[in-house]
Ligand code: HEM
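One chain comes next, on its own, written as structure tokens: the form predicted on its own.
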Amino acid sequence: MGGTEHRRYRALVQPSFVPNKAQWWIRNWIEQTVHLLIDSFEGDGEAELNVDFCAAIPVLTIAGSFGVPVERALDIRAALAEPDRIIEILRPIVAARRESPQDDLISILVQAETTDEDGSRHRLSDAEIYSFSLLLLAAGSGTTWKQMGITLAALLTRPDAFDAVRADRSLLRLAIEESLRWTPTDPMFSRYVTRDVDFHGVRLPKGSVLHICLGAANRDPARWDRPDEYDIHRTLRPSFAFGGGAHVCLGMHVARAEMRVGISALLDRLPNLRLNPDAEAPRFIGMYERGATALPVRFG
């Protein structure tokens, strides 16, 4: 969507994703999800954090915000490529929230009203709520997973940085922001050219597909010294990791909260956390939703 239509629909959920709502997400869903996952492998002495931890946090968090119990949230995780199955899980929840709203995201959506161009107001239909829910699952599950894995891989392969963050948790925010700049999970975006245009001497005809490399912008040497280095002590400056403008990432503050709470809990609960020396070191792969191959770790 674009223009007025985009602003109208985005405004319905925007208040639930502003910075001062992060604690609402942390208190209701993120902390519980993070510690539940660590409980499942804390006694094993080793784990593969990329899939068993990073990948699960955003899906379980978003599903929890829909009012889906944990055991059904795992069904949603397994059905991410099958929207009809997810809608069947959400259908009774939407009906129940229309009868009795609670403190969750589905309740906000069933009570939301949108104003049409003619000034008439109406509540969202079930189909619109399902569409919102599927969009949030698709947009928030893979990206946060991959970015958390990138941050952990960057730290685990740099023991000095990892030890510094473990000793001073105020550095964790800087470590996350630096990973967003250094290797964003979405370094490339594709957009259609809506009209014929000359751009810096290049003719771009209407209908062309333009591949925009935000990853290159985030390593612009005119903006950052030593741009190819991962440096948690770098002076913080805004990057394009979450995009910008009208379509800036809606869930960026929730994503940051998930990464901060998740990584901090690992540091608190898993002593001597380190990469498994007997496994292959993590590598970064992919151009869209770039991420780490695996994060095999040992602890204790």
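Heads up: residue numbers just count along the shown sequence, starting at 1. Every value quoted in this text rests on a predicted model; they were computed, and no experiment measured them.
We do not show the form predicted in complex with the named molecule, though everything after this point is about it.
Although the partner is absent here, Gly243 sits close enough that one of its heavy atoms falls within 4.5 Å of the named molecule in the predicted bound form. The named molecule is not drawn, but in the predicted bound form it has a heavy atom within 4.5 Å of Thr143. The closest non-hydrogen atom of Arg10 lies within 4.5 Å of the named molecule in the predicted bound form. In the predicted bound form, the named molecule lies within 4.5 Å of some heavy atom of Ala139.
The stretch among 269-277, 28-36, 48-56, 235-243 whose residues place heavy atoms within 4.5 Å of the named molecule in the predicted bound form is 235-243.
Proximity to the named molecule in the predicted bound form, taken as a non-hydrogen atom within 4.5 angstroms, holds for one residue of Ala153, Val165, Ile129, Leu180, which is Leu180.
In sequence order, Ala241, Phe242, Gly243, Ala246, His247, Val248, Cys249, Leu250, Gly251 are the residues of 237-252 having a heavy atom within 4.5 Å of the named molecule in the predicted bound form; the partner itself is omitted from this view.
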